[in-house]
Every structure is written in structure tokens, then in C-alpha cells.
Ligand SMILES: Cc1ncc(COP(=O)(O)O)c(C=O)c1O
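The chain below stands alone, shown as C-alpha cells; this is the form predicted on its own.
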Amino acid sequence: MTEPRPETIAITTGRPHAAPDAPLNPPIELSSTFHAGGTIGYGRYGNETWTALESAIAAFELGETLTFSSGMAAISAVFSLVPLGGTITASHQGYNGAMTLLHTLEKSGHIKVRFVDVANTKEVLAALDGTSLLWLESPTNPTLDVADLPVLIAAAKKLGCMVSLDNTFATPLVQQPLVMGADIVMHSVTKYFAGHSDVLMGSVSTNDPGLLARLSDARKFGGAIPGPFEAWLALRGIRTFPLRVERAQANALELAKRLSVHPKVAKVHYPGLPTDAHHERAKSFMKGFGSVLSFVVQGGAAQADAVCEASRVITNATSLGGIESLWERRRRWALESSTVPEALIRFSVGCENIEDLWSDIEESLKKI
């Protein structure tokens, strides 16, 4: 039999062992205490519901996986691997939670940070000497810049840098960083894996046993463990993960095309557009372009806010990766990078009917 494809992996992994009258789905294990002599030991060290979810994510990212209480908890665990005074090279524009944590750690003297334009390969390569951890995010949040991952990962590893990548936007359906040579891949499981805007969870995957042990210790002794209910919901979400992403990605490409010629839209950021500055690079190693896009409306912040507030199908909210469409003006957040235009709207495209979405967008743009 050939290796199973994503749709099959999503449906078959993380299941209990098949036996007469055995359940098809894993139970929600509600116990903090376990009889001695086993491999778990205590509820902060392991849980069979976590294990089922972790095996499913591992099948997608092709690396041993640990789940955490949130995406930020997973990011914090990765950053904890950097020695005191070590240097992290990271994007000057990306998920603002990660960027805020980097600034905080640098201000406290724990680490040094070199902020770079990850789409500028020469700039990133020039910053690698002396780097302990190369923290990548591609496509970036929220302007969808694409880093040359094969080149950057290879160069960093040659210099002995640890490489970790936030793969939340792309998902393993689009790219698999561990296969490219990265040490760690991180996800906000809240987003595409769980997919229903009802779970907070994160994950890290790696093929390095030493890193896995250190990340496991960070979870155990940092206490950022996921709840069994949340793990069960996330695993249920994974069952439809490829189907949701396929539909949302098709919607995103079509909407990006329509937005790019709308007279009230100044610019569209989406690597799936042939006119996008990152299109050629993205299609050279990515298997798709994801289902998040961003666009800048004519005018300024007030006009972008008016558009977001006028929608009836698309929800004006922060987050992404759910089955429903969400958008927001990103600079409404004080922590957002100053490199992001004031009138930029990040749009997480969902699985609704494409014509209903477009009608909603057209009506909302009339508010400008």
C-alpha cells in the first residue's frame, strides 16, 4: 500500500487500537493521578488524549510532537532553548505575540534579537553568524511575505544555528519545514488544525530526540499543558482539516483575484497571485498558497475600520484558520509592527459560498 495521503491521515490517525467493541474515537482522559509503574507518572507529564492528538499532528509534520496550552506557550518553550545571552534572528514583521515576547526577553537581558526582513535572503544570511536560533515565519503575518526556506534553513544549519518555523499560516498541507531540514516546527493548533474557533492550543514537532526531551521538560516544569477536553476537540477538528483548507484556499485565491482589480483596494498581499512579489518563490517549494490574504483599502484607518464593521457574513474579529471567514484591521492593535500599513485588513478566508463572501465584501467596500 502506498503512503496515505492527507485526507486519509486526517481521518485515520489518533484512533484507539481496533478491537471488538473498542471505541472508534479516543476517550477524554480526565485524571491527574495514575497507578505507579507506567510511562505517564503524573497528569502534568502525559495524557492519552494528548497522545492521540500528537500522533495525528506528527503524521502531518513528520516529526515527534508535543502539544501545549496555547500557541504562545509553544513559542515560549522554543525560545527557552536559547542560552542566556544567546541571539535570536527573527522577522521584523510577524505574529505580534511572538514579536512582543522577543522584545520583552531582550529588554530583560535574557537574549539578543536581530530583526530582519525574512523575505530579503541576503539580509537574513548576513545576520546568521553568531545566531543561536533562527526563528522563521513564512508566509508572514499579516503581509504574507515569503522567506526562501530551503536556502535559509540550509545556510543556518551549515553554521550550526537551530532553526524553528511557525507553520501556522501555511500548514503542513502547503509546506513541511522538518523535511526541509528545520529543527522545530510550531503551530497554533487553535487555527487550522482545530479549525472551529473553540480551542486554545499549540504544538511543536521535531525529529531531534535531544530537543524533544528539552521541550518536554519545558512543558512539564513550565506547566503549559493542554486540557484533555481541548485536545479531544482539536483532534475532532483535524478530521476535516484537509477538506477545510482545500475549500478555504480555493476561496482565498478567487477573492484575491477579485480584490486586486477592485477600485477601492490599493494593494492585495497573496502569494497565489502571479502579480505578487513573492509568487515565483512561493510556487518553487510550496504546494499551495494558504487561505489567508491581506489587502490595503484606499484611504486610511477609518476607512478600513468601516469596511470591517460593515460586513454581515465575514466576522470582524482577531484570529484565523477557522471554518468561518474573519477579518480585521491589524494596526488596531498597539503591538502590531509599525511596518504594517494602517489601512491593511487581514482576511482569513473560510469555507462559505464564494459568491456570498464576494457580495459581502462588495457591500462592505461601499462604506468607504
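Residue indices: 1-based, along the sequence shown. All values reported here derive from a predicted model rather than from experimental measurement.
Keep in mind the form predicted in complex with the named molecule is missing from the figure; the text below concerns it.
J.: When the contact criterion is heavy atoms within 4.5 Å, does S55 count as touching the named molecule in the model of the complex?
T.: S55 lies outside the contact set for the named molecule.
J.: Tell me, yes or no, whether T168 is in contact with the named molecule in the model of the complex, where a contact means a heavy atom of each within 4.5 Å.
T.: Within the cut-off, so yes.
J.: Determine whether any heavy atom of L320 comes within 4.5 Å of a heavy atom of the named molecule in the model of the complex, and answer yes or no.
T.: Yes, contact at 4.5 Å.
J.: Whether S188 contacts the named molecule in the model of the complex should be assessed with a 4.5 Å heavy atom distance threshold; does it?
T.: Contact check for S188: yes, within 4.5 Å of the named molecule in the model of the complex.
J.: Between the named molecule and T65, L178 and I184, in the model of the complex, does every residue show a non-hydrogen atom at 4.5 Å or closer?
T.: Checking in the model of the complex: none of T65, L178 and I184 is within 4.5 Å of the named molecule.
J.: Looking at heavy atoms inside 4.5 Å, which stretch does the named molecule contact in the model of the complex, given the options 137-145, 269-277, 99-107, 251-259?
T.: Single hit among the candidates: 137-145.
J.: Could you tell me which one of A224, L200, A127, V82 places a heavy atom within 4.5 Å of the named molecule in the model of the complex?
T.: Exactly one listed residue reaches within 4.5 Å, namely L200.
J.: Just give me the single entry in M72, V151, V296, L212 that has a non-hydrogen atom within 4.5 angstroms of the named molecule in the model of the complex.
T.: So the residue touching the named molecule in the model of the complex, by this definition, is M72.
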